[in-house]
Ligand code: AMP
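Next up: a single chain in structure tokens, the form predicted alone.
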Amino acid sequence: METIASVEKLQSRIEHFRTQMLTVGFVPTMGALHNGHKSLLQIARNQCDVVVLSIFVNPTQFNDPQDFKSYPLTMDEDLSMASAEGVDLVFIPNVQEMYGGNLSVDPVDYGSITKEYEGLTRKGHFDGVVAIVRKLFQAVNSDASFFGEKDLQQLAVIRRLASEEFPNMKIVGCPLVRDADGLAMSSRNIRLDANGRNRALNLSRWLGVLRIAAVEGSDIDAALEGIRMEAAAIENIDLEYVDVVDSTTFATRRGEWKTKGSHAIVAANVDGVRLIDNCAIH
């Protein structure tokens, strides 16, 4: 496994693989790798000849400076996982390499995909996501790139970016991975103590409530309102949103949840740690 810090060297190594007619798979991350990332690397390994992993905590996608400062950094552990999973290249650039000293990014408007939910509660977040993913896609020029479905709205944004600017790249959505207790795996989970983790389990439980309501044909609006009322009564949980949406457009589907592609989504701050989760309901 080789670690690389410059775009120029990365592109040179990838060009070498291209001369050997090898396919390149790319897994972009912000580090603090866990078993969810491990599953992405395994899927990429199964589908491509060469696997490139990037580790870069992107400052332009954080609307909260404190969130950026507190984002977990576990480089030694990350490199150990990458090596164990057979990663060929690990791209670890610094901010200067990716942005050249200019952290301003262009606004992105993909309609409801970038305006609602994450786009509404985290102003400018998707501007930063698109900016860095574009730069990474240009640097790696992979045949396929692999993203977890836990960040469902981000995946929809990246699919839109790829369709418009990188039409020859395959975007592979990989299944959300949960811990044994049902909590969606996230790099932020390590910031939760035992009590916070127990509170965080409400997110997956609420998704289950919505899934059951959908299966039983119950009133989705009533189920959503019940979740909001329950969340308001739980100490140290600040519910940002809970809803049922189209997983491609992120338009609300409260009245049309039986349409294929409907997902329940939720975001909340639990003990000051922001978490998101989702599940398919049809």
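All residue numbers are counted from 1 along the displayed sequence. Fair warning: this is a prediction, and the values are worked out from it, not measured in the lab.
Below, we refer to the form predicted together with ligand AMP, which is not included among the displayed structures.
So in the predicted complex, does Lys150 come within 4.5 Å of ligand AMP, heavy atom to heavy atom?
Answer yes; at least one heavy atom of Lys150 falls within 4.5 Å of ligand AMP in the predicted complex.
Answer for Arg45 alone: is it within 4.5 Å of ligand AMP in the predicted complex, judged on heavy atom distances?
Close contact is absent here: in the predicted complex, Arg45 is far from ligand AMP, nothing within 4.5 Å, heavy atoms only.
Examine Gly31 and determine whether its closest non-hydrogen atom to ligand AMP in the predicted complex is within 4.5 angstroms.
Yes, Gly31 is a contact residue.
Is Asn202 close enough to ligand AMP in the predicted complex to count, meaning some heavy atom within 4.5 Å?
No, no contact at 4.5 Å.
May I ask you to choose, among Leu40, Val245, Ile227, Ile220, the residue with a heavy atom within 4.5 Å of ligand AMP in the predicted complex?
For this set of options, the contacting one is Leu40.
Only one of Phe166, Tyr71, Tyr110, Tyr99 gets a heavy atom within 4.5 Å of ligand AMP in the predicted complex. Which one?
Exactly one listed residue reaches within 4.5 Å, namely Tyr71.
Can you tell me which of 76-84, 89-97, 142-150, 112-120 lies within 4.5 Å of ligand AMP in the predicted complex, counting heavy atoms only?
Comparing against ligand AMP in the predicted complex, the contact stretch is 142-150.
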